[in-house]
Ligand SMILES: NC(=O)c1ccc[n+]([C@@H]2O[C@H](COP(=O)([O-])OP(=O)(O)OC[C@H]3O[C@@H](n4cnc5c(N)ncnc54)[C@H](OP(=O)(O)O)[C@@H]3O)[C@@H](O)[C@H]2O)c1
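Given next, in structure tokens, is a single chain: the form predicted alone.
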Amino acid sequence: MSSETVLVVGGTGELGRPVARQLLADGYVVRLLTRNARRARALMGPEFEYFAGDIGDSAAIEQALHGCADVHISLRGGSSGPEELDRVEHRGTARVAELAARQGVSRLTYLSGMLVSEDAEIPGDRAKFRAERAIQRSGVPYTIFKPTYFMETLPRHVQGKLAIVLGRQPHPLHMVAANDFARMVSGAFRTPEAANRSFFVHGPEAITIPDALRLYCSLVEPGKRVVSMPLWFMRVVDTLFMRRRLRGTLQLMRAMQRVGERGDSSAADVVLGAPTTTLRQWCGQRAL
């Protein structure tokens, strides 16, 4: 158990919440930097410390960092344009890393992605690559996580009576549960061997997105029909009727359809313990 204070940036997001709660369960004092502290408290409860501020507000970040031993950054740009993605993912992360270095933070962990690279197809992944480099230059000991597809993404595929597969998606993915990922993040703060490392994170079994959705629907949302929609068709729908809200998702699906899963998770498994939650187990938890 630890009484150290950890700042979680993005702690009210879908993937930040499990990390914040895991850290709290492991005995850390957990602070959340959030744009709306009242809404965050209603969502997360009174056990956390709340600091109001935006990722672009250096003064708010400095205040939230004061007295913290560690920081976790979990940002998701979604369907934002390239400029906004760079502002949040790259420059926002770089700002937190720089200020964390000034305050002598012991460890910084960051949620990146398996397709993140300098020449990535997706603007968000290119912004994350620049964020990774900023973290590495900051001088703060870091652990960068590059997970594969999260199981928590599956419910987003369900629209009405349909569970929609965007494109063919023929490649098997070792989908990972957010709670397993949260355990690994928490463990990284107290594991010296995790310092200054980048880890790919894979779940315990490989399954395609269409097969994963069939299993999910059979156990959690029975009666839903799994259908595949061509990416070109969904781009037209997104442009004409959805104000390009699916732009980032469609870019990701196009890249995943082409390259499949990347990375070797063996290092993360050895240092931090391999994820163990199967998709069937995760679905069972959702169905309760």
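Heads up: residue numbers just count along the shown sequence, starting at 1. It should be emphasised that the depicted structure is a prediction, and the values quoted were computed from it without experimental measurement.
In what follows, reference is made to the form predicted together with the ligand, a form of this protein that is not presented.
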Checklist outcome for this item: Exactly one listed stretch (182 to 190, 162 to 170, 204 to 212, 110 to 118) reaches within 4.5 angstroms of the ligand in the model of the complex by non-hydrogen atoms, and it is 110 to 118
Checklist entry - Going by a heavy atom distance of 4.5 Å, is C68 a contact of the ligand in the model of the complex? => result no
Checklist entry - Is T143 close to the ligand in the model of the complex, meaning a heavy atom pair under 4.5 Å apart or at it? => result no
Item to check | 4.5 angstroms heavy atom contact with the ligand in the model of the complex for K128 | outcome: yes
Next on the checklist: Is T153 near the ligand? Define near as a heavy atom within 4.5 Å, in the model of the complex.
Outcome noted: yes
Checklist entry - Looking at the ligand in the model of the complex, is some heavy atom of each of G13, D54 and S74 within 4.5 Å of it? => result yes
Checklist outcome for this item: Exactly one of R87, R197, H174, H157 comes within 4.5 Å of the ligand in the model of the complex through a heavy atom, and that residue is R87
Checklist entry - Between the options R244, R258, R262, R39, which residue brings a heavy atom to within 4.5 Å of the ligand in the model of the complex? => result R39
